[in-house]
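In structure tokens, one chain follows: the form predicted alone.
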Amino acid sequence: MILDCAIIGGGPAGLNAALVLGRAKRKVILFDNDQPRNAVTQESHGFITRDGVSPREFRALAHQDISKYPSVKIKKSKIVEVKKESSSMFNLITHEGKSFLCRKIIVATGLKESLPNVNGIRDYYGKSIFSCPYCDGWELREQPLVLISENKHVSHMAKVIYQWSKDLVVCTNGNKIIPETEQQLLKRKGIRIKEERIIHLRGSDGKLEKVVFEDGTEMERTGGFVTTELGQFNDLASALGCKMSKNGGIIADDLGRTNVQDVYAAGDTSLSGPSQLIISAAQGVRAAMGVNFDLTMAEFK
């Protein structure tokens, strides 16, 4: 069977794309290798009617919605290669060696992230240390917070976090990355800056209690944020020839179309930056509309 569309990635973008295409009576398969970037997340926020939902519950509800549409199948498998069979056909090969033919592809594989180089930081990530204040700032409001960052976005992030807590310390982990003018601006707002290298974080059960520095000082904090380095989850898009933005996201138009004919992108893989559940899901809707529109127009040529 030749599929109308194969969706690579089972996050909110891919799931919503599958839903929309299913409702358009398109033959679709969604490939999900079950390795979501938000696996460490306890609750997702900012999605109306689903505020506080766990990623696992969200996926279960999405699968339930999609199951109403018989032309959509979800396969827990990893795509390892995509071949162009003809001018209008792709061959997707899974890690088990199975092949699937499709007319369109939506790349919704998301991103992978690298945390600051701090010993033990992953023990706290997703529990008391987070990357998005819009997602988790409310839960940390008015608490003594730390921002751990090793990149140039540190000053901007500090200003954003300030809305949720004025008791904020910025730690650059041994890096001198904040210009003097920005330092003065932050300090005037009462935001402290420590450039000493962090030896380790201290706490229990994922709840941060102290930040311990190389100079022997300790600082009590109950939570905080980090800036992360983001990159494509895999090289499928680049292997297909998709162009990337300077931030590493797949360049796509308003309907998800990339520079490669019949290849679309949706979600974080296209945004390449901090995102929210609802934004990624909306991106999936737009890409699905792009796929359906282009398939429909091809029938009238």
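Keep in mind the model is a prediction, meaning the values are calculated, not measured. Start at 1 with the first residue shown and count on from there.
Not on display, but discussed next: the form predicted together with a small molecule.
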item	value
Candidate stretches 144 to 152, 210 to 218, 165 to 173, 131 to 139 - the one whose heavy atoms come within 4.5 Å of the small molecule in the predicted bound form	131 to 139
4.5 Å heavy atom contact, residue 100 to the small molecule in the predicted bound form	no
The small molecule contact in the predicted bound form: residue 73, any heavy atom under 4.5 Å	no
Partner contact for residue 63 in the predicted bound form: the small molecule, 4.5 angstroms, heavy atom	no
Contact label in the predicted bound form: residue 78 to the small molecule, heavy atom within 4.5 Å	yes
